[in-house]
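This text opens with one protein chain seen in two forms, each one given by itself as structure tokens under the names structure 1 and structure 2.
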Structure 1
Amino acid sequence: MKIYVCVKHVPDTAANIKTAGANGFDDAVCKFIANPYDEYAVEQAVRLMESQGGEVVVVSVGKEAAMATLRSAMAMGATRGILVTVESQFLDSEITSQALKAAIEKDGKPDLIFTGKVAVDTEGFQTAYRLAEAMSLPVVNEILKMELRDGKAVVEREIGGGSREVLEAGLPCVLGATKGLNEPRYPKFPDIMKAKKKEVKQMTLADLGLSAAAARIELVKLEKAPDRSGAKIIPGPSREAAQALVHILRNVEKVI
């Protein structure tokens, strides 16, 4: 099987984000990682390759530094990588999906494409869908379980309240991975060393005939989310504290 996995290089979820100017952030002072959901996607792809043969190609649209995320995916077992370089962390998802499509189609014919459920930086929740629509492929996001059956993917996703839905999609298709799908492996040192030598094709947006200027989403402002100033500690032994809390929630905050 030829499997493509779309991965994004994002600030560590634990990193402090220092906003800069009206709508930017200082990416030099924060640690970046592979988007956590993409790791489930890479793991699933590598497992399929291990059981069925073929190759796993990881594709990223990002700044030069995204090379590190491609290397970490290759350390997990992906065969090779493609990096489409862009200037900003905040590329419109319409353009991102077009870049992914163009890069994949230029490279080969996919049997399966994986993404993570959402990128944790912009939390856009749409690139997988746009990629699938542009390629006229089926898409299911947030999958927790999957198997291949008669040339189809049978997948499971949660639909709220703990209920689940089982869906079927013909191959090739685009599947968005979420936590629960598998346990991503920790690469060992030799795998990390091997990944450094794996092939990565590099190209720019312009090489694919695309431009970031076509964006229809404009990030006007990026501000630190308002922080709470710290808890008002309700003193006293547990019983009195519990009663005082109920009083506050009822009569001051009026939330119960």
Structure 2
Amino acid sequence: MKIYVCVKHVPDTAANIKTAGANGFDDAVCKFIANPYDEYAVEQAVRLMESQGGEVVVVSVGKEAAMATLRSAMAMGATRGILVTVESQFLDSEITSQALKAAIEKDGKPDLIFTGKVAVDTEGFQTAYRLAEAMSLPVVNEILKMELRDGKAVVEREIGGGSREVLEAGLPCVLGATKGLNEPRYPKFPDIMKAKKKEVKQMTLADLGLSAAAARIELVKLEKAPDRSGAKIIPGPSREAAQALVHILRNVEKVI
């Protein structure tokens, strides 16, 4: 099987991020990691490769520093990588999906494409769907279980209230992984060293006939969320406390 996994290089959710300019942040001092949900996708792809044969190709769109995330995925067992380098810190999901599509199609014909259910930085929930639409493929997101059966991917996903639905998607298809699908392996030192020697193809948006200038969404402003005020206990009878709470929410916090 030829399996592609789309991975993203994202700021650590525990990192202290400092804004820079109107719509950027200081990425020189910010710790980056592989998008956590993408690790479930990589693990699932590697398990399929180990049982079915073939190769796993990890693909990323990002700055040069995203090479670290590709190496991390290859240390988990991915065969090789593809990096589409961009200069922008924030690339809209339309251009990202077009870049992923072009990079994958330039490399080969996929039997299966994995993504994480969402990226923890922008949380747009768009790329997997846009990629599937661009490639005219079926897509199922937030999968918790999967198996291959008679040329189809049979998957389970939660739909709320503890219920799950079982879906069949013909191959090739795009599947979005989430927590619970598996337990990502922790690469050992020899695997990390081997990953440094694995092939990574590098290309730019221009190499794929694309331009960031064609983006349809622009990040206008990025600002730090205001610090939350301390908790306050409102004493008195319930009716008076409720009236005081409404007054605070409406006139002080201005949220209603």
Partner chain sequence: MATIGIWIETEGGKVKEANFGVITAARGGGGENTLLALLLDGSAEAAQEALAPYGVHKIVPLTAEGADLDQSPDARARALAAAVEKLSLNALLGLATTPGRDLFARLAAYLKLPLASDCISVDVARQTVCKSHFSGKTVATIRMKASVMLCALRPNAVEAQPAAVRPEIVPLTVTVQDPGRVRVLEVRKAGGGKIDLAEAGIIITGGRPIGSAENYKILEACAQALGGAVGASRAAVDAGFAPHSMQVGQTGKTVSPRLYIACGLSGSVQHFAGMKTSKVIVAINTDKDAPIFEKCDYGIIGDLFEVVPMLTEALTQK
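This structure is a prediction, so every number in the text was calculated from the model and none was measured. Rigid core: the largest C-alpha set superposing within 1.5 Å between the two forms. Throughout, residue numbering runs from 1 along the sequence of structure 1.
Of structures 1 and 2, which one represents the form predicted alone?
If we ask which form is the one predicted alone, the answer is structure 2.
Given a core-based superposition, decide whether the C-alpha of residue 23 shifts by 2 Å or more between structures 1 and 2.
Superposed on the core, residue 23 moves its C-alpha less than 2 Å between structures 1 and 2.
Using a rigid core superposition, assess whether residue 12 undergoes a CA shift of 2 Å or more between structures 1 and 2.
Where the cores coincide, residue 12 shows only a C-alpha shift between structures 1 and 2 that is less than 2 Å.
Could you state, for a rigid core superposition, the Cα shift of residue 239 between structures 1 and 2 in Å?
Once the two forms are fitted on their core, the shift reads 20.7 Å.
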